[in-house]
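This document contains two forms of one protein chain, each encoded as structure tokens and listed individually as structure 1 and structure 2.
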Structure 1
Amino acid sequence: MRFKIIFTFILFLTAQASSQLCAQQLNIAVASNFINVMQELERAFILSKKLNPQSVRVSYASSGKLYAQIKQGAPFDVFLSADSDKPQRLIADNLTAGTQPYPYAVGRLVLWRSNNNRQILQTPVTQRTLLNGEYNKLAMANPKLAPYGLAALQVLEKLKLERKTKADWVMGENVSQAYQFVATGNAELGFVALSQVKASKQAEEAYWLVPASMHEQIAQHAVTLKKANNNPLAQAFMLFLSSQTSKTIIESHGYETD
């Protein structure tokens, strides 16, 4: 009898906790390079917590734009940046619920050419492709807003190509726009995220995996924002983000995890 009472009480607490989660709304701001991964993580998180899909809302933009929105009071609970700098600045400004950002992924930069582009020969893309100027337009994200854009600029600087190529740049606000410039043929080449290329349905991708030593590490960090102090759904998501399930999903898209 006593065991039955305890078991019933545990079921009551579990149901109550589940009810509290379902009653919450979770707003997540995510760097645009992480779109494909986040869509899969979102589905897995909703399924694991048996949530109404409408209870999770995700907004995508460049890390810089999302950072600016948060500074201006945007109602986000969690921020998944493509770098560590912006989460650290939010912590310094006392806009987060904790004092340490969580390193959820390390991204890889690639120089990519879509196989839809027939303006140039479909030869392998390598460092020589840049050095020999085998393109008319070079797409990249804005280095002032997007960590992948900053990494691309650092590669060009390392190869002493910044001034030589600047007139050929087609710059997007974020890495998703840079990807679209190449995918639509508006640029022959582009610096994009490896995860974007891996997610492409095109069968014969040509890309150069840029050595990590050629730019600062693209260490992506997440923070819980102050608005989420009383939101158990935000805490549940951050725990989920650090789970093995999440790490497996993230790694399958071409990212590294700790």
Structure 2
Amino acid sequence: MRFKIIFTFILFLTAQASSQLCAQQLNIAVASNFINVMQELERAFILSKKLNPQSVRVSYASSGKLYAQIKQGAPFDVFLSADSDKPQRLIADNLTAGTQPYPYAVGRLVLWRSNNNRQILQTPVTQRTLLNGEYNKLAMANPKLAPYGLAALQVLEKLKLERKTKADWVMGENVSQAYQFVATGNAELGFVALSQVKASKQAEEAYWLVPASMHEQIAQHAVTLKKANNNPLAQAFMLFLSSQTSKTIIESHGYETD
């Protein structure tokens, strides 16, 4: 009797698993800095296409890791990178369905001050905060690895502050880590993403929106991958990504769209 129950259960699980295999499935790889936005996009996409929620699977990791996984044959249909470089490499590697990446979002850089810094809490953060050197450490993402880090470096170069501030730099491997350093108060000042300070509802005096003209555009590109060649869901998602619905969601999180 007990054997029968277990057997039926296993049969049920197998059937479940294979039904998922048969149904149309969309696997999306997304740069983890986009997680908040993507969760909302995913819901809106499923709703608008009346899909089974299980038919869309989203994996989050750093763009570099996702790039390496895709090169090793990871089963993703669409890749939303946090930069424009990795999609370009995948196109060069002949791993994409088309040769045209789609710029789905443009990130904005902010200089953000930790709440822990009591002495100068009253004055709003501006370019002058940086010039006056009113901080212990300056957090930023690693310019070698992250577009936000590169942008931060370009801003410092533009202000001719690179040499002066270098000793105070602490680098996160990505912009989330730069954010952690400031959020915990270990670094009093840091270059982070507008989307991050928006997500955590920071007061407007606490950050300076760096003019976009001071650094290269932080463009995030998406590509359809070879694996998706016969997958209509992948095409539908790329179309959805360029729709007005998507753009409204993306912009509400502190990104710009083209």
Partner chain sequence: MAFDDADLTAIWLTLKLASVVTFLLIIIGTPLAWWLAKTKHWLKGPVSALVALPLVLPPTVIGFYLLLAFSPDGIIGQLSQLFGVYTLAFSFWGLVIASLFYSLPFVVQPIQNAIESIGDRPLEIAATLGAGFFDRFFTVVLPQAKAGFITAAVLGFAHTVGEFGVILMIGGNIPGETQVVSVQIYEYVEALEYQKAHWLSASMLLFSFVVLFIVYSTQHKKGIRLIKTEH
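Start at 1 and count along the sequence of structure 1; that gives the residue numbers used here. Since the structure is predicted, the reported quantities are computational estimates derived from the model, not experimental observations.
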item: Form predicted on its own - which displayed structure it is; value: 1
item: Hinge of the chain between structure 1 and structure 2, where one rigid part gives way to the other, from Ala146, Ile218, Ala29, Ala187; value: Ile218
item: Rotation (degrees) of the smaller of two rigid parts between structure 1 and structure 2, from C-alpha fits; value: 15
